[in-house]
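Before any questions on how it binds or moves, here is one chain, the form predicted alone, in structure tokens.
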Amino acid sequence: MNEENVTLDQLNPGQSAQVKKIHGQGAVRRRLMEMGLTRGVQIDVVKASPLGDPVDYLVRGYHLSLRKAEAQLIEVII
């Protein structure tokens, strides 16, 4: 299996990935983890808004909208 490390904002609708690491510090990092984004969790890209920001993700059975700036902090494995 070819594992490629990218950030969540680089994925397209229909793609899935697994969280490898949450970057950032303090409240931003803690808030992302409180939303269920922890190491090993599966993320599916559902759709992007018409202007491309924010993007809708499926995480742990619920939909989560993140801005591109927030998604850039999440390193994933495809």
Partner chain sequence: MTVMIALAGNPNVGKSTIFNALTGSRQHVGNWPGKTVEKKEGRLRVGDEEILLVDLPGAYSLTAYSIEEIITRDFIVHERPTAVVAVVDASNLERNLYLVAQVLELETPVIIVLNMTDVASNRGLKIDAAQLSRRMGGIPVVETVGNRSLGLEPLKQAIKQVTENPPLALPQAQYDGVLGAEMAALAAQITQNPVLVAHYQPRWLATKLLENDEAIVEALEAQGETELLAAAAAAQARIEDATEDDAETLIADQRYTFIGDLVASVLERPSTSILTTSDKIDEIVTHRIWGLPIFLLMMWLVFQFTSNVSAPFLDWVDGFVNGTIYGWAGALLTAVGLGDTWFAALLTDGIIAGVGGVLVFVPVLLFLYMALAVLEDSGYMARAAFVMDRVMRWMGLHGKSFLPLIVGFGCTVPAVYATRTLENEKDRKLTGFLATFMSCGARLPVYVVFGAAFFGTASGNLIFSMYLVGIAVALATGFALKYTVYKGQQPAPFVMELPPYRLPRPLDVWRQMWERVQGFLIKASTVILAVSTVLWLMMAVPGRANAGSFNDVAAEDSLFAVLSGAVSPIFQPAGFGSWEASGSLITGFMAKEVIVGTMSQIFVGEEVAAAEVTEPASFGEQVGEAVLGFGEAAVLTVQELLNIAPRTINLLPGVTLPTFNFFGIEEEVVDNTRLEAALIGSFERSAGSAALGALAAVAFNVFVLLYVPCMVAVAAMRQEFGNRWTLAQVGYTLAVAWIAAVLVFQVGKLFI
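Residue numbers count along the first chain shown, from 1. Quick caveat: nothing in here was measured; it's all calculated off a predicted structure.
This protein has a second form, the form predicted together with the partner chain, left out of what is shown; the following refers to that one.
Visitor: Even though the partner chain is not shown here, does V45 get within 4.5 Å of it in the predicted bound form, heavy atoms only?
Guide: The answer is no: V45 has no heavy atom within 4.5 Å of the partner chain.
Visitor: Even though the partner chain is not shown here, does S65 get within 4.5 Å of it in the predicted bound form, heavy atoms only?
Guide: S65 belongs to the contact set for the partner chain.
Visitor: Even though the partner chain is not shown here, does G14 get within 4.5 Å of it in the predicted bound form, heavy atoms only?
Guide: Contact check for G14: no, nothing within 4.5 Å of the partner chain in the predicted bound form.
Visitor: Please run the contact check for D9 against the partner chain in the predicted bound form: heavy atoms, 4.5 angstroms, yes or no?
Guide: Answer no; every heavy atom of D9 is more than 4.5 Å from the partner chain in the predicted bound form.
Visitor: Taking the partner chain in the predicted bound form, which residues of 20-49 have any heavy atom within 4.5 Å of it?
Guide: The stretch touches the partner through K21, G26, A27, V28, R29, R30, R31, L32, M33, E34, M35, G36, T38, R39, K47, A48, S49.
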